Structure formats: structure tokens, C-alpha cells
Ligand code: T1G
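In C-alpha cells, one chain follows: the form predicted on its own.
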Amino acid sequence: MSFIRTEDRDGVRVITLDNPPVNSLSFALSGELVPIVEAADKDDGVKAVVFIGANGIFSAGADVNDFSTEPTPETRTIRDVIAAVERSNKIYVAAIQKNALGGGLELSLACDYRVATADTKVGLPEIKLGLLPGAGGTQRLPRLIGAQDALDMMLKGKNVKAADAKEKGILDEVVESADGLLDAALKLAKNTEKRRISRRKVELGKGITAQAAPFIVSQAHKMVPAEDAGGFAAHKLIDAVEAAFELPFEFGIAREARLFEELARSAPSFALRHVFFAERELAKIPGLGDAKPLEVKKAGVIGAGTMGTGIAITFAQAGIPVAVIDSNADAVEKARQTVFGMFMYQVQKGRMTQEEAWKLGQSIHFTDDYNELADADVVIEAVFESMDVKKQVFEKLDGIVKPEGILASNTSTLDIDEMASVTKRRDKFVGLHFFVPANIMPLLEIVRGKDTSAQTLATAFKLGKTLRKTAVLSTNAFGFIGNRMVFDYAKAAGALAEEGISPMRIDRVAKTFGFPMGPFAMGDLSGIDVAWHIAKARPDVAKGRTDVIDRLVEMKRLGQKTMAGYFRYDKSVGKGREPIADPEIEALFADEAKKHGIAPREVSDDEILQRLVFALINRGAYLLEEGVALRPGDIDIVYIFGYGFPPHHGGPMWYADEVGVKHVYDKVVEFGWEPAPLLKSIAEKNGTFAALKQGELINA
């Protein structure tokens, strides 16, 4: 298979990158491209070269698979392509359409000129994979736009729109559409007499003198997380950019290459690349076949509470009109204000115009008339977490919504098959579990019932993509994937508190590991009363050893909403969201522990972390064995995108492999927990979750 096409146009050789779908600059493509560049340089009939991409895109960068491949002496990479470009005496122009990311942008930076379509975005997002730009980006971009702007762009891994890229100096010309792209590039190539490769001294930024360089570098290191807390790649990136203004270009390139190789073999990068691939596996569902998804043109939401309003905003932002049904006038008024405030915030941030905000706001219609859902393609229930209430809603919807319409529940724990049983469309029933706030949180658990059809499932996954959510499949089980695991996590935290460890210390250990908040702050955020209701419904799953939650509810300490839960909250401290340690709660845990014969003991921070995270791993192994979760990577995505598990540790199941599954198993036994048979099986084989094949999950 050929990845390159060439064509001569009046002394200009047009080299087209053709490696669908995104023209990744793989080892194979680079191996083919190097001799083509060298041949163009030797051809006296060629004055200039234009790089352009097929498939409506320039290049999304390197093939991530190659980062884990050990190159041979014969391997050619994008670095070799760029070196061949730099050795050449020809003029080089990059004709960029849609995306020039990572190695794609680095290739264009090695060219003399860059022309792009107006819808183009350029960026160096390698930091998201625990890497730094490894084909000259850390050296060329600072020379082009200044070290400060370049470092900001690379540390955030953000994409820059064409107009902004031109203003910064990354692009030389922007054309309106792809129709004029090649002509503009050819014109630049023909009208240029000599190369424009710059080796100029790097400027730090506007108004910043060279003497300030050590201070700027020091401050940059202070502004990113510590190396062992997710900032390993960020610190190496800062070192690489420092080399750009301290060292000659050739030495800077060598420093960049060394730092890149160090990162490519680091544990955080392996973890982040695992997340990258796991996310791309999510939609590969056995049995889905060629099921054709239904088109969703109109949606309905039952309930104008926090969750229902967030779901409605999500649909509106995706361009899907939505009717919100609620008979509570106060709730509807509050929801209207939330919608208005959200879109006005977007206007203030410059993310949309007032006209766009008005249009989106008008696409959400509040009513108490269920009949307005007759023509809805999908209706999502977001009412109180009560099976009886939900069944009443679905019984009513089943008689109103058109027969082909899909009914969905946003329940976080309850049995969707029981809900579906009151309808005559069990095949068109599915769980769509959004996370709070629904319009911001990226995760969507799609819950398949025993009768959910392949078409309904395909529609749910397509809808998730339309709503810009990361959708993960779960089968119907109490709590599904995320919440079923969080019950074990919360119980482990509660058991530690009962043994005399303060909730503040437990939360601090979790945050030091990389969670955005600890288990007790998370409980306060979601509501103690919510946990209490779940514990009453399923004490076997959610109730701890003592009655702490019952007593908190009696004391009306329900979490942040009452300014007191496991912690106290004060509006003068962190706008009422910052936890404040409360000796009364430590005394409460001690009292309950004494009643139940639980003795206090000394516990290390390492054991605190192990009990929290290994509880997740053990339950995750159960869910894999039971078929609730399809793959270990699916669990990792749920916990990273829905619960803030630190991405540089790859998710709980990847972390088990990182520290050793046998080590996890031994500790689970030591803690007196019942180890999952799958965990035991992998430990006995000294294996890993990552190495599991689909059939082994059930048969282990």
C-alpha cells in the first residue's frame, strides 16, 4: 500500500499524504516519504515542494502505536522526513486543511511557508499522552512565536484556530475554503526565490528581557503539578523549551529527542496512552453488528431539577430541541434561570454570540404537558430516585410517545429492566446515566437491559457522540459500573474513619494520589441523604459497619447543601465548597466504632491509599467477571471521566497492573476482604488485566 502520491505542477512537486483516516505520520509513511523528499531535492526540474493531505485533512500527527514500537536501524520517522526537508535547497510550503496536529504541525513548521483553510486548527497536544513534541516542535515553535506563547500552547495541548494562528505568526496565509488551498500554496511556492528556515534567537515574550529567563523557567516549573503528581511530562517540556533559548538549534533538537525518549518509556505516558486507546475501544460492542441507529431530531426530559436541566442544556448545545416536562412552577423557574445563566456565561467568555445563546435557550421548552412528547425520538426520565415514581412515569410515556421512540432512564442505581416491564417497548428501553452536572461532565453510562435491541444500543452510542459524551456500556446491575464500585470505595473510607483516621487525612491522601477530592468531600457533594437512601434500599451493597450515615441524617448534616456533612462548610471559605475539619464528626465515628467493637489503630498513608484504590480494583474485577463491564479499559474510562481517577495512573485496572495484580490480591486478602475470583486467577498466573482477552473475563 502506498501512502504518498506525487504530481508536478509547473515546476512544483505536490506531495499528498494519504494515510486514512487522519493521515497519521507513521513509521511506514515516513519510510516512504523520506526518499520522495530526497528525490525532489535532486530533481533540477523541481523548484519547490508543496505538502498537502488527502481525506480532507493535513495530518493529525504521529501514529500513537509507534510510540510503543522499538525502531530498528532501518526505521524512518517524521524526524527523518523533517531532516530531509532541512537538507534540501528547495522551497517548501505546507497546504493545511482542517488539522495540523502534533507531528503534522511539526512537519509544517519545518516548511518555509504555511497556508491553511479557515476551518483549520493547529496544535501540539502531545502533553495529553504524557509526551512532548518530539520532531522539533519545542525548538521551532518558540523561535516562531516566542517561548512564552509556545510553552503555554504546548503545556495546555490546546488547538489554535486558523485566524488566531495567523495572528500569532504560525500561519502565513488563510484561505476561505479547500477549493483555493492548493492554488494559494502553489502561488507561494512559485513566487519565492530562497528558503526561509529561521534559526533566529528565541524571544521569551513581549517585553520580557533575556535576563528574566531563569525566573520565567522557575515560575513555569512551579505552575505545573509535581513530577510524581501528573506533571512529569510538563517539567520535561519546560526543560526542552529552556534548551531552545539556551542552546544552539542543533543541540536543542538533540535535547528534545532525549527528553522525548525518556517520556515515551515513562509509566505516566504508558498510562495515558492506555487511556487514549481504551477510549477508542468503547464503541466496539459485540453483537451490535450493522444495526442502523435512529436519527434523534427531538428529545424530551422528565424533570426540571439539577440533572434534568443539565441534560436539557446538553441536548440544546448539540443542536437538538428538547421539551422539559415538570409541573413544579418553582423548579421550572429555577431551571429557566440556570439555562439563561449558563448561556450568558458562554457569551461573556466569548464562546458564542448573544444571538447563538438566544437560539439555544429557545430550543429548550418547559411545559407540564406530556402530550408534547408525542413526536420525541428519545425521552429521558430524570425524576426522584424511586422505582415506583419512575415506573409511573414510564407507564404514562409509553402511551404517549410514538411507537418508534426510545425511552431512557437516568437512574444511577436502579433496575432498568423493572422500569421497562411497565412498557410495551422493552426493546426500545435503555439506561442513559449522565453525571452531575450533566452539561459539563463528559461521561455517559449506557445501560443495556436484557431486551434492549441492537438498534436502540446503536442509537444510544450515536447520541452519546452527538452530545459530545464519552459513552461506556454497562449491563443492568445495581449501580452499574461507576456507582457499584464507589460503594466499596466509600465503605473502605468509612472503615478507616471508624478505626480512628480523620476524614480530612483520608481525603488528603486521596488528593495527593491525584483525585480532585477525597471520598468524604465527594459524599458531601453528592449528598449524605442520597447515600442514606441507597444504603436503606441495598444495605448489602452500600451500608458500612456502623450507623454513622443514619446519625448524620438525623442531625440534618446532609453535605454541602446544608453546609455540614462529614465536614463543615463556610461561605467565606472557598465560596462554601472548601471542606473544614470538624472534631464533632471524628467524635461521632469514634462513638459508633466503640458501640460496634471496632478498636482504633495506627495506619500509614500507604495503607490508606491501598484500601481506597484496591477496593475499586477488587470490585472492578467482580464486574468484569460478571459481564457488567465489557473490558478493563471501560472501567478505567468510567473512573477517569466520571470520578476523577488520576489519568497518569491510567484508571484503577491499569493501576493494578502498574503496582502488580499479585500485590493487590495479597493486600485484599490481608485486609480481610473477599477477593474477586478473576483477581485471584490473574494473580496466580502473575498476569495483568491488560493482557486479558474477552473470553477470559467470564471463564477465569
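Since the structure is predicted, the reported quantities are computational estimates derived from the model, not experimental observations. Throughout, we count residues from 1 along the sequence that is shown.
The following text describes the form predicted together with the named molecule, which does not appear among the structures shown.
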Select from the listed residues Gly134, Gly620, Gly565, Gly431 the one whose heavy atoms reach within 4.5 Å of the named molecule in the predicted bound form.
-> Gly134
Checking Ser363, Thr411, Asn483, Asn99 against the named molecule in the predicted bound form, the residue with a non-hydrogen atom inside 4.5 angstroms turns out to be Asn99
State yes only if every one of Asp488, Gly500 and Glu592 has a non-hydrogen atom within 4.5 Å of the named molecule in the predicted bound form; otherwise state no.
-> no
Residue contact check: Asp63 to the named molecule in the predicted bound form, 4.5 Å heavy atom = yes
Evaluate Phe67 for contact with the named molecule in the predicted bound form, applying a 4.5 angstroms cut-off between non-hydrogen atoms, and reply yes or no.
-> yes
According to a 4.5 angstroms non-hydrogen atom cut-off, is Ser24 in contact with the named molecule in the predicted bound form?
-> yes
Is there a heavy atom of Ala40 no more than 4.5 Å from a heavy atom of the named molecule in the predicted bound form?
-> no
Region of this chain that lies against the named molecule in the predicted bound form, out of 512-520, 293-301, 440-448, 274-282 [heavy atom, 4.5 Å] | 274-282
Pull the contact list for 450-482: residues with a heavy atom within 4.5 Å of the named molecule in the predicted bound form, in sequence order.
-> Lys465
